[in-house]
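Just the one chain here, laid out as structure tokens, in the form predicted alone.
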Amino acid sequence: MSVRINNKSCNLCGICIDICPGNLLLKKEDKVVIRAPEECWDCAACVKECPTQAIELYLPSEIGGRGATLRAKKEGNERIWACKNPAGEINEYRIKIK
């Protein structure tokens, strides 16, 4: 499992680079890349903090992923998690931020 970065949506703010506890994200030329996807432990810190929703987390097949992805955005005092299944259907889950 790992993350995917949509560099068309990325504004190169660097928040994901600063927040990654594994120091796995870096700027390379004019985009953000993950230097070692196999070392990502799927904490989703970068997904949660990306202000442009440019980062998705692939969900593992062990939890029914098989191509599903997860994104997050902050809206007021809620974090909205959007799970997109392989068929393209999106389910949203709202969680209050403390």
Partner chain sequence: MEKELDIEIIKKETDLLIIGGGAAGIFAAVKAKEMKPECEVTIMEKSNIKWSGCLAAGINAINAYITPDETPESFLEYVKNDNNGVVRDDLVYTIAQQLNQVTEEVERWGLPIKKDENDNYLARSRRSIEINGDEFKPILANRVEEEDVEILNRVVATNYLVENGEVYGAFGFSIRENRFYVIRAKAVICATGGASGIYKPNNEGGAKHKTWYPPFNAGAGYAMGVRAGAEMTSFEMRFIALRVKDVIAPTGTLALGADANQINAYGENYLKDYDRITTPIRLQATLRENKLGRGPCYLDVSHLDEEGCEGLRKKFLNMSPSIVLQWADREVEPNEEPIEITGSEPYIVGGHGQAGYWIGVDRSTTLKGLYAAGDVAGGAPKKYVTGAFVEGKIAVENALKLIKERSEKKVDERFIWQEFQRVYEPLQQPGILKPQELEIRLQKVMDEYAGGISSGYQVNRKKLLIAKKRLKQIEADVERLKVENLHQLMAAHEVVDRILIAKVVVAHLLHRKETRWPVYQANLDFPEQNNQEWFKFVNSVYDSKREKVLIKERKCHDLEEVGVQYECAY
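Since the model is a prediction, treat every value here as computed from it, not as a measurement. Residue numbers count along the first chain shown, from 1.
The protein also exists as the form predicted together with the partner chain; that form is not presented, and the subsequent description refers to it.
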Non-hydrogen atom contact residue 38 with the partner chain in the model of the complex at 4.5 angstroms: yes
Exercise: residue 57 in contact with the partner chain in the model of the complex, heavy atom 4.5 Å: yes
Contact test in the model of the complex: residue 67 vs the partner chain, heavy atoms, 4.5 Å: yes
Contact test in the model of the complex: residue 29 vs the partner chain, heavy atoms, 4.5 Å: no
